[in-house]
Every structure is written in structure tokens, then in C-alpha cells.
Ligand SMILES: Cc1ncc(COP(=O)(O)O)c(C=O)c1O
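One chain comes next, on its own, written as C-alpha cells: the form predicted on its own.
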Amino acid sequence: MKKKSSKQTEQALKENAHENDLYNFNHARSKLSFERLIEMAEKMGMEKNPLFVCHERAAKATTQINGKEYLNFSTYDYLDINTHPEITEVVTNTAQIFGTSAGASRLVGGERPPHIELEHAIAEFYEVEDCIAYVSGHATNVSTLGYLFSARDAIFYDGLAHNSLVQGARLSGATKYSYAHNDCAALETMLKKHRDKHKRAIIVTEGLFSMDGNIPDLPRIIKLKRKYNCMLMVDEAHSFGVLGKTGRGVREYFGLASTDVDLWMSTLSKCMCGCGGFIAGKHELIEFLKYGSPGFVFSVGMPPVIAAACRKALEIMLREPERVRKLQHITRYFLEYAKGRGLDTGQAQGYAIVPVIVGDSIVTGFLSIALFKRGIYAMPVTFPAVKEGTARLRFFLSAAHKEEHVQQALDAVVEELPKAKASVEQYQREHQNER
């Protein structure tokens, strides 16, 4: 047999190493993926992956899957504005003029009147000088924090801050300090210890936390911002349109001045029925972002039809504050009913999002599938999205939901939860030698 040359051997080793790197990467990644959880659950008898279910119409209080109607608790349409006829009309008219794409980055040829009108409306809504709208909500946070801050700076963020905020902090190269969730004492301890080491600093929190449905002590955070000479960014992805008597968010909830916060952020995919995100604040800051923020400069502009839809949704929300009242009523009812049935709702305060904490990830998946069989669509949230041992069903409430919807769903949870636990415990007993 002819021997391989040293060059051939070297090349083969390189190829094998490359394949091993790819295998190891995929293997390590799968260990943290929901896919692995599903594989385990299938061995235990779970019949269906609850992720990526295809919905056949707009997801409102009910939705349609495979021709069947389900009670739906997995929609961001908090104010029941999506599919509003006025939005459909403005989208149709805008598409006839501008098509469905901005055509380019707004900096070099994608600017359209709907963009300007939306940004002006949001700036007026927040009572600040200016606003910038990005094509992606996640990119809004990543690009803004990544661009504004650098190695000499510090970013102090809540321990349960959204992934986009954490990724933006990483991209910036600034020193990152994560303080215990909603713990202002822990935040101040960090500020005392580390603030003087850095040129600039920013505190980052959310207006309503998406996994737990609770609100930060923003008045105290504002005091800390002033005391330690920091900027403050508030992500209102889930509080915009939800908190306050008229949906003006966490500042209305606490009665704060808009200028108490330097960067107001929110997505446009929840109450505004579109997609994308924005930063609202001082004109000088917004101009700086418009000319340099990578997620804005190097990305195509938001489709004009989306900008027009969001502008109309904002108009409807302000014109019909009863939508906000309906949402707040049904969420409080859900929270009280869940507690009355002995369910663990964690730190939820009764605004749009209420978790039902189960604990075990596999049990949570089984419970979600059991509810699905009964015509109730509620999604499981498991590790690594939440800490191990805190898996939950996360219920999104909408102004379209009624009290009987809540009763039907939570009564089913109470009935199916012990069954799901029993199934998992039985499997674990039968296969304890395999672990």
C-alpha cells in the first residue's frame, strides 16, 4: 500500500480537526438547546414539540392551528389592535405608494415620510426632543449600547435584563456589572464600588420584565443615576401601552418626568402591531445614533408600511384608552384567579404577563402539550431562558381575553399539572438506572 506523503497526512489531520471542531460545537450547543429537551421528552411519551406551531390566521384571544380553534395565551397583541380596519387601510394605501420595502438604508436612500411621521409621533408621545426607529427591536438594543459605550465605560444592568441588552453590553466592550434582579441596594453597592473606575456609566433596566411580569423601582433607580452620575436606559418593550392609565408606560405608572430617563427604548412588535424598535431622547443623542449606529446605518430601513401601521396603532391606543383598562382588568383577574387556585405566579404584578411557575422543564413541556390537547395554547419557558428549576408557562394577556377564557385555561392547568408531574416521576423511577 502506498504511504501518504507528510503533506497529505497533515492535510488529513487538519480536515479531521475541523470536522471535530464542528462536531464539538454542535454537540455543546445542543446540550443547551430546547431540541435536546424535546428529545428527552419524546422518550418519555410527549407526543408533540410545542415550538414552531403554525398559526393560520392572526393570533388574537383565539387562534387557528390545523383548522382547529384554540384559546390563545401567546400573543403580543396586548391591546387587541392588530387587524384593526384602520391599520389595514393605511397599510394598503402606503403599499400602493411605497411598495413593501424601504429599498435601502435610510441614510443613503431609504428615508420615507412614514418613518419621519412615526418618529415624530413617538417623540411627542414621550415628550422628548427626538426619536430613531430601527428595523429590529433586538438590534435596537444591541446596536445602541454597542455603539454608545466603549472600554473605558461601565454598564450596570438588571440580572434579568433581556438578551438584547446583555448582547449590546458585550458588544460595547464596556465593563459589565449585573446586579440582582430589582435589587436597588445591590445596584448601589456596585455603583459605590465601581463607578469611579470608569469614564461614563449607564444603568439599564426594563419597564416590565418579560419573564416575570414585574416592575422595577424606577424612582429609586433615578435617584441612584443622579447620585452616581450615570445615564439611564429603560427598555419598555412590554410596558409601552400596558402601564399607566393611558398606556404611556412606566413613567405614567410612577408619575415621572420624561427627562428623568436618558434613553427610552421600546419595540414596535407588541402594542404597536408591527416590528422594529426605537430610542427616544435628546436630539443630539438621536442624531449621533442616526449617523453612526451600525444597526441603523448598515441596515435597510423599516418597511414604510410597517412604520405607517405603527403610527396608526399609536393613534388608536391614545384615542381609545379603554383598551388599556381592559388589559389591566383581565390581567389582574388572571393573577387573582391563579392565586386562588393555588398556582405559583412568582413576582407578577398583574400587567399583561403572568407566569405559572412549574419548576421542572420536562413537566412544564408535558403540561403545555396537555393544555394544547384541550384547545389551550400556552407556551413553556425553560432553561436556559430562565434559571434551572424555574420553568414556567408564560401567559400573555390581551384586551380581547374574557374572564371565562381565564377560568377555562387555569382550571385546565390545575387539572393537568399533577398528571404531568406523575408521568415524569413514573418515567424517572422506571429509568433511574439509565441516568
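Because the structure is a prediction, the values reported are computed rather than measured. Residue numbers here begin at 1 and follow the sequence given.
One more form of this protein should be noted, the form predicted together with the named molecule, which is absent from this view; the next part is about it.
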Q.
Can you work out whether Tyr76 and the named molecule are in contact in the predicted complex, taking contact to mean some heavy atom pair no more than 4.5 Å apart?
A. yes
(Q) Taking any heavy atom pair closer than or equal to 4.5 Å as contact, tell me whether Asn72 reaches the named molecule in the predicted complex. (A) no
Q) Looking in the predicted complex, any heavy atom of Lys312 within 4.5 Å of the named molecule? A) no
(Q) in the predicted complex, is there a heavy atom of the named molecule that lies within 4.5 Å of any heavy atom of Pro355, even though the partner is absent here? (A) no
Q.
By the heavy atom within 4.5 Å rule, which residue out of Ser105, Thr175, Ser258, Ser269 makes contact with the named molecule in the predicted complex?
A. Ser269
Q. So which of Pro216, Gly276, Gly146, Gly244 reaches within 4.5 angstroms of the named molecule in the predicted complex, heavy atom to heavy atom?
A. Gly276
Q: Considering the named molecule in the predicted complex, find the one stretch among 315 to 323, 288 to 296, 151 to 159, 204 to 212 with heavy atoms no farther than 4.5 Å from it.
A: 204 to 212
(Q) Just to make sure I understand: among 163 to 199, which residues lie within 4.5 Å of the named molecule in the predicted complex, judging by heavy atoms? (A) Ser164
